[in-house]
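Take a look at this one chain, the form predicted on its own, written out in structure tokens.
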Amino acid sequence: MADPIHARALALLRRGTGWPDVRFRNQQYESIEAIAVRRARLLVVQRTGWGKSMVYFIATRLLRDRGSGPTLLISPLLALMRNQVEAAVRIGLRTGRIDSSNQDEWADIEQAVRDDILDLLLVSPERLTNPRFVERVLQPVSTRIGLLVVDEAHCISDWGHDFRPDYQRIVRLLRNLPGTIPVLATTATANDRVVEDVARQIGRVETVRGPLVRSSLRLQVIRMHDPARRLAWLADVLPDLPGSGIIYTLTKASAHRVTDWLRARALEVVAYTGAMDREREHIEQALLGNKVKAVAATSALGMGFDKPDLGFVIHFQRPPSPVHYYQQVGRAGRNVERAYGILLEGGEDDEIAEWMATSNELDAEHVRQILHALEQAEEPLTPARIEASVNLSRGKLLHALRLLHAHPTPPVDRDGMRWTRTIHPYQPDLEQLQRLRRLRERERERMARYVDGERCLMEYLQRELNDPSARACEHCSVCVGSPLVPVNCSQETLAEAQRFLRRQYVVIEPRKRWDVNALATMKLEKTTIPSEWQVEPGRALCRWGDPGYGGLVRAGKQRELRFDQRLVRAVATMVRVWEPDPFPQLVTSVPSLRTGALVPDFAARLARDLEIPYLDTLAKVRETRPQKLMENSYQQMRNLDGAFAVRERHPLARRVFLLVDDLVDSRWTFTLAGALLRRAGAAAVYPVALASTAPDR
């Protein structure tokens, strides 16, 4: 006798996909039946494109048809939410989304949930920390949720490659739900360690796990430590790759650099980073519609983006782990016969990976300082107030506060952006931190082994994710014994890429506000920097360590103790190409008690090349700690407070200056030194640096 639930589910699948003859993939219907009929708690680990979203869409429809409450779907990325809403509507689900991009719709959606009109509510995990959402939505509906879905469930586990503190609140929610409410947790990227940890936290969970191999995907590794050579290779090879695809980079700066270069070569490429909220949906649609050849993206174009006919995924730099790599390269070849996954190993990869591995660690001493600052405060503190006591960047501080807030007995609490100390004691788990640190180091080592190419590349990734069905794919460059795509670039294109990199000037944006408490000697009253004291937009020749001139800057500062004349000519060319208006009349420099004549010597030679006078107008009146050790603006300003003075022997009235330094990071040195020059009568000050050391992550 035919199973009516299976028949109904199959009809929904065909309606949702638009394919009249489609059938369930292996374990797909069994997962739906476990949730909708047996009301189980299920962890589904299946490759990207297997159809995990159809499992919870169809299960939601079946549960709603039988009178269950709405499904609450917790998902980390807006891109994922947009795609899911479009797919869910096709099978007749009424959906709503609550996130930072649609605040004008919140009231209507909240009311629709309370009135049981919505079938499916999508929220980000961060929403669970929002008092309004908890009070108006979560508490009223918690006892009648029909299904709880936790997408990208590997984020629950701190062993996972993308652990997120706010996911810990999901664990608390799970533990407080009635046992009769089914739960579905899904992920495409989890090894045994993560699966066991997630299952432990969810409780009494059944696990459905499928093979990870994608037979259409052809993998290859090309070692290219020189960024110019990688850029040239992209320009030569990209036009011949099938369809459209993604070029992944580890940093935002690299994504924009790749985009600028390829667009200069008349290729339709756009950049995509986490800092581009307004443009991201438009870019996704352009890629989905094959209106661009490629998107140069950071990991922001990640979980949830689904393009079945993606023809290639190229990595401009080596990801930090095989799990990261599998998740991203697995976006190609879902519904095409042949697609390419090409990894270009770069010389900067290890340095970036080390920064990524340590940037989010919860340092025990910093935690102690944060908690002490909150304990001593007479009122709740904003992050800016905490920075006055703790030498942490804003990003690291917020990450630490979120981790502390997500703790089972949180030592901190928040009201909006104001933080307080709770009564709960807190002791960092230093052993766990060391275990995680060793794990990240091992992951980087395992990714380096992948690059070595000693065995089938697909099999290697499967084994790293503990796929029991791992076997040689017979399609990768190792299996066939020869390159799948060319490994070289033309000398002509390489020369053009080298010239391009040498012209990658960095804009130094002027600061507009300062903290009057950090600048006690200036006796300021307003936080806004008066326009008549501000510097103009400036330029840095390159980024520290970059190809092109970065190596010369490093050698001059650390080894030769004098900057090469080629850098003088390059900066002079940069100034002439830039053409600041009005054009500078004088060159001066930022003094240093540590490096002595290094910068003044360079500035004087630059002045001669530009054929304008050099004046030694600024003096360093006290020693300061290196600015690179100051991690936030308050500490950086306080470190420089009262450190500079204008030499009175030089009249500055109505003169236009180039203010030269070797390195720029926070811009506070230029801001404060420039303000002194402007207060002394300078008509305009243009900052110029040899290299920017500001993070481009």
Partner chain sequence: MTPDPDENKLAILLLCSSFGAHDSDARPLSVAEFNKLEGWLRAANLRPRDLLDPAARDTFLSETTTPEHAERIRRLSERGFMMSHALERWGQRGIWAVTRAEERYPARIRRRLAQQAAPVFYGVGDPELLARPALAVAGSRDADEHALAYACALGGRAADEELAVVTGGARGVDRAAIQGCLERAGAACAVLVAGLYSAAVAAHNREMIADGRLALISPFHPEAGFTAGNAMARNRYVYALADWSVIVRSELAGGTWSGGTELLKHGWSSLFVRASEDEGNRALLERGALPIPAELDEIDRLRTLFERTSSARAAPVRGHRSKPPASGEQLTLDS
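Residue numbers count along the first chain shown, from 1. Bear in mind that the values here come from a model prediction, so they are computed numbers and not experimental data. C-alpha atoms forming the largest set that superposes within 1.5 Å between two forms make up the rigid core.
Beyond the structure shown, there is the form predicted in complex with the partner chain, which is absent from this document and is the topic of what follows.
The stretch in contact with the partner chain in the model of the complex, judged by heavy atoms within 4.5 Å, is 129 to 137, chosen from 129 to 137, 521 to 529, 433 to 441, 216 to 224. Of the listed positions (Val599, Ile283, Ala228, Leu374), a single one reaches within 4.5 angstroms of the partner chain by any non-hydrogen atom in the model of the complex, namely Leu374. Comment: the partner chain is not present in this chain, but in the model of the complex one of Glu268, Asp108, Asp413, Asp616 has a heavy atom within 4.5 Å of it, namely Asp413. With a 4.5 Å cutoff on heavy atoms, Arg114 counts as touching the partner chain in the model of the complex. Though the partner is left out of this view, Gly481 does not reach within 4.5 Å of the partner chain in the model of the complex, counting heavy atoms only. Contact annotation for Pro178: at least one heavy atom lies within 4.5 Å of the partner chain in the model of the complex.
In the model of the complex, no heavy atom of His399 sits within 4.5 Å of the partner chain. Residues Gly67, Leu72 are the ones in 47 to 76 with at least one heavy atom within 4.5 Å of the partner chain in the model of the complex, listed in sequence order. Comparing the forms between this form and the one not shown, the C-alpha position of Glu464 differs by less than 2 angstroms, with the core used for superposition. Fitting the two forms on the rigid core leaves the C-alpha of Val194 displaced by under 2 angstroms between this form and the one not shown.
Put the two forms on the same core and the Cα of Ile370 is off by 2 Å or more between this form and the one not shown.
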